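The chain below stands alone and is given as structure tokens, in the form predicted alone.
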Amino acid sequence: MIDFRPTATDEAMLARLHAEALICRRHARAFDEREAEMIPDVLPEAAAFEAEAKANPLPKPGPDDTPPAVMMMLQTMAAYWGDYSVRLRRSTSGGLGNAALMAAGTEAQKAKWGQLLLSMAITEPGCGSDPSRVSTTAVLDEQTNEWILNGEKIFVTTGIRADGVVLWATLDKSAGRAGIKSFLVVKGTPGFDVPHKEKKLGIRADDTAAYVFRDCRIPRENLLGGDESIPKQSSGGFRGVMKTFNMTRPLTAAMGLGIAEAALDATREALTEAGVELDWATGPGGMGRLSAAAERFMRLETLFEASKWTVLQCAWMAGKGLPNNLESSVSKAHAGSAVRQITQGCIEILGAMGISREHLFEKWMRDSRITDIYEGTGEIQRLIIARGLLDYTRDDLK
């Protein structure tokens, strides 16, 4: 039986993360307003917080505590409960490109580039939710043993801070998905330009960038995985790299759920102060005996719990080495819809307080929208789910 009940060690760790998240939340509005600025790698409060944490060390996890893959989701939720972009101390590794490197790179490539912060560049001006339509090209110059890259990428997460990028490009457009490969390109390579930081509705402080490649030459060995073949009857390396998302999609869902939980917690506090009774003991069919505000809020809490368990189940399966492609899409699709409904619902319950810039509710609503957009939109996830449950083919769903 799967048991997701947190242990005392789990609770202590999550409490520490919530305390850290509250510090990050103090800076959330300021950096949202100053979108063009880069968030500092270390907040002023970091040294004092870390000194206190060192003086009061957490217990070490044991075999009876929550498994690492599941705990990673809970930790992510706790971190994003503070703010989407602001961190006490920013990580210098762990971008989406790093996940691709670990999933598809050779041992030599992992050793060479594993310490770099790597973004991943997929989306193009004419290629959004369907990565198989990538038009950025990679042409091999056999005389110099180099790949020549040409194309444009947009909405690259961590695009400014990253040391390099895992770039999706096609060797042969006529081969479709089978022709798509991933290449590692380090910042500073001639022909690799970062023209601007993207301006966005939400997650404004996040350094999302545009990339341009003009006759950018990289060594032949920079092809991730090293396989230059283009299979005619399969997706080739495309399918392998797509497996990267089987863990990052539930992680994305956990990020959004952290924001949604923040909105729920703050709304619950406001309702309690207003004297609104939240009584789960009324049971099924008893909602009619509650106020409209209480009933609406409790339904949002239910939606949150349902989404949370899909994420934890997906992570548990990954930790057990079980296939979780379908569950990954289910968790991402469900959370993408849930966090939008929850943050918007909290604003509607609170009225004027919800849209006031003195609070973070409207920011949480804007920030949470990304959950349903990047790493595969909700619509794309539902297509994947339909293929998995109903055995539909790609052509059936066109």
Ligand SMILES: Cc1cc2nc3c(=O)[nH]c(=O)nc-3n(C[C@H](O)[C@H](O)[C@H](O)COP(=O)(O)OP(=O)(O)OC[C@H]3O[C@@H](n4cnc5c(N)ncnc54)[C@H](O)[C@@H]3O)c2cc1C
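In this text, residue numbers run from 1 along the sequence as written. Quantities reported herein were computed from a predicted structural model and do not represent experimental measurements.
From this point on, the text means the form predicted in complex with the named molecule, which you will not see here.
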Heavy atom within 4.5 Å of the named molecule in the predicted complex - residue from L360, L43, I373, M353: I373
Heavy atom within 4.5 Å of the named molecule in the predicted complex - the one residue of I203, L224, A178, C216 that qualifies: I203
is_contact(K398, the named molecule) in the predicted complex, heavy atom dist at most 4.5 Å: yes
The named molecule contact in the predicted complex: F304, any heavy atom under 4.5 Å: no
Interface membership of A12, the named molecule in the predicted complex, 4.5 Å heavy atom rule: no
Heavy atom of L17 within 4.5 Å of the named molecule in the predicted complex: no
Candidate stretches 308-316, 258-266, 148-156, 169-177 - the one whose heavy atoms come within 4.5 Å of the named molecule in the predicted complex: 148-156
Within 4.5 Å of the named molecule in the predicted complex, all of A21, D65 and A254 (non-hydrogen atom): no
In the predicted complex: members of 106-124 within 4.5 Å of the named molecule, any heavy atom: M120, A121, I122, T123
